[in-house]
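Laid out below as C-alpha cells are two forms of one and the same protein chain, each shown alone and named structure 1 and structure 2.
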Structure 1
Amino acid sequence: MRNPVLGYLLLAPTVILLGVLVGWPLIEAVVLSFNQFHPLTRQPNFVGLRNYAEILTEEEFWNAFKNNFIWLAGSLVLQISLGVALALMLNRSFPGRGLARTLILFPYLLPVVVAALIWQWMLDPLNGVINAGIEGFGLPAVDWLGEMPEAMIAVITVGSWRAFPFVVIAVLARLQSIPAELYEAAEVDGASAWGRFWDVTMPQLGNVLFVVVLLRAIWDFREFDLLFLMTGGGPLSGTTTLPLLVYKEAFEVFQTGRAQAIAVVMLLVMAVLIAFYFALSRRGGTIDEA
C-alpha cells in the first residue's frame, strides 16, 4: 500500500527503542568483556583477551558450565514428560476439566519469588511439609537445599513445576487439532490404546514438541531468579550456573569485565539454540508472514 512515510513514522519508536535498549547494550556487552573495569571510577581499561583467558582456565567457570547443563537437561526431561502426560490427561473429558485447565496455569504465571518462597517453606528441613511426609513413612529427614545432589534435584523439581504448564498448553492445542478420523481408522485396524498413542498421537506431536523443547531450552538455560532465590547457587557452588556466576562476578566481587566475558560465552552457547530456532521458524514459515 501507499504512504510509506507514515509506515516509517510508526515504526520509528520501535527501531529507536530496540536500538538504544537492546542493540547498544549488546555491543557494549561485547566491548566490556575486553576491558577491565574499575568499580568505583567506572573507567574501562582495555586488556584484550585476558578476561577470557582467565575465566576459561578457572575451575569455577567450568563448574558453572557443567551445572548449567545438568540443570537444563534435568528440567527439560521432567517438565516435558510431566507436561505431555498432563496434556494427554486433560485431552479426555472428565468432570471439572475446564477448572483443572485453569488451575494448571497458575504455577507458570506466579511471581518467581512467590514460587521460591512456597517451596523453601515446603522444603524446610525442620518444619517443612515435605520432610513431615517423609518422616511419616519412617524415613530420615532430608536437608533439601543444604546438600548435593539434593539441592540440584530440588531446584530442577521446582523449575519444572513452574514450566510444565507451558508444555501442557502447547501440546494440548496440538492434540485437539488431530483429526478424530485418524483414531477411528486405527481402531478399525485393531490398534490398541497404546498402539494408537505411539502410531497416531506421537508422530502428530513431533513438530510441536521439537519447538517446545527448543524454546524451553532457550529460556531455562538462562534462568537466574529461581536458582538464585532458592539456593543462592549453593551449597558451595553446587547449583551455580552461568547466569549466577555472571551476577556474582559483577555484583559481589565487582569484576565487571570478567562477568561480561562469562556472559558473552553464555551468549555464544545460546546462539546455537537460537540459530536452531531461527532455522526452524524459517522452514515452518509461521513466524515471518504469519
Structure 2
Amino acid sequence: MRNPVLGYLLLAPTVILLGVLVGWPLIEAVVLSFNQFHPLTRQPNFVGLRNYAEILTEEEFWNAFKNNFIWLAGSLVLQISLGVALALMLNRSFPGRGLARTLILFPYLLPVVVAALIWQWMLDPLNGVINAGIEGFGLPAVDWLGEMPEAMIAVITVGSWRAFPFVVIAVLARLQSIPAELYEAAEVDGASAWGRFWDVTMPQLGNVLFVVVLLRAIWDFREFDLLFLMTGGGPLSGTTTLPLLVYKEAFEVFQTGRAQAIAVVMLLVMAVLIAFYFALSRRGGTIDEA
C-alpha cells in the first residue's frame, strides 16, 4: 500500500535545501532590484520600478542584450554542429579511436583561465601563431580581440571549442544505443548515407539534442568568465553581454540595485525562452517520450 505521507517526508529535505540555496537568494535578488544603495553606507532606499525603467531605456542595456543573443546563437550553432559531426566520426571504427575519444575531452576539462590565456596568446596580433599562419599566406594580420566583428567571432569560436566535447559525449552515447537493424533496414530499402542519417539517426537523436540544446543555452546565456577574461567586454562594448553588464553595474559603478534588476530581467528572458523551446519541442513531438 502506498504511503503518500512517507513520500513527502522523503522529499522534504531536498525541497528545503533547494529553497535555501535557490529560492531565498532569488527572492533577495528580486527585493534588492527595487532598491538603490548609498555608495558609502550601502543602505537601501526603496525606489520601486525606477531601476527597471532606467535600464530598459538605456542603449547600453539593449546593446548588451543584442550581444548576448549573438553570442548565444553563434555558440549554439557552432558547438552543436561540430559536436554532432565529431560524434558521428567517433562512432565509426578506425585505428586510434579510443585515444581520439579521450583527447576530445581536453577542451572541456581545461580550466577556463588557462584556456583564455592560451587563446589570447594564439590570437595576439603581433606574436600569435594564428596571425603567423595568416601572414604565411600573404594576408594581413588581424587584431582578433581588438576589433569588431573579429572579437565576437573569436570569443564565439573559443567558447564553442570549450563546450563542444559536452555535445560529443551526449550524442555519442545515444549513437551507440541505436539498433543496427534500423540502418540495415534502411540500407535494404535503398537509402543513401544521407538518407540513413536524416531518416534514422536524426530522429533517434531528437530527445538527446533537446536536452543538450536546453542545457547549453542556459549555460551560454549566463556565460561570464570566458568573455571577461578574453575581452572584458571590449573593444568598447562590442562583446559586452548581460552578465558582464551586471558585473559592471555592481562592482565598477556600485549600482547594486540596477545590477540586480538586470539579473532579474535575464532570468525572465531565459524563462520565456525555455518555455517557448518546450512548447516548440512538444509541438514537434521531440519530447513526447521524455
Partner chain sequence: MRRGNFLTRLIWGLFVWSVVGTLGFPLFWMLSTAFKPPTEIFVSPPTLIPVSPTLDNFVRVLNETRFVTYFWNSLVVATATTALTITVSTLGAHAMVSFRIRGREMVGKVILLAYLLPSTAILIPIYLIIARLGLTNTRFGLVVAYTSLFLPFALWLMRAFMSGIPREIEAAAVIDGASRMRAFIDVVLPQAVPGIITTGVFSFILCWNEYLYALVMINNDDIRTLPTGVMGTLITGYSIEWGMVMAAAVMMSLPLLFVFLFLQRSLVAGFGAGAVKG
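Note that the structure is predicted; figures quoted are calculated from it, not measured. Think of the rigid core as the biggest set of C-alphas that the two forms share within 1.5 Å after superposition. Residue 1 is the first residue of structure 1, and the numbers go on in sequence order from there.
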Form predicted in complex with its partner chain: structure 1
Once you lay the two forms on top of each other by their rigid core, how far has the C-alpha of Gly23 moved between structures 1 and 2, in Å?
2.8
For Phe276, the CA shift between structures 1 and 2 after fitting the core, in Å, is 6.5
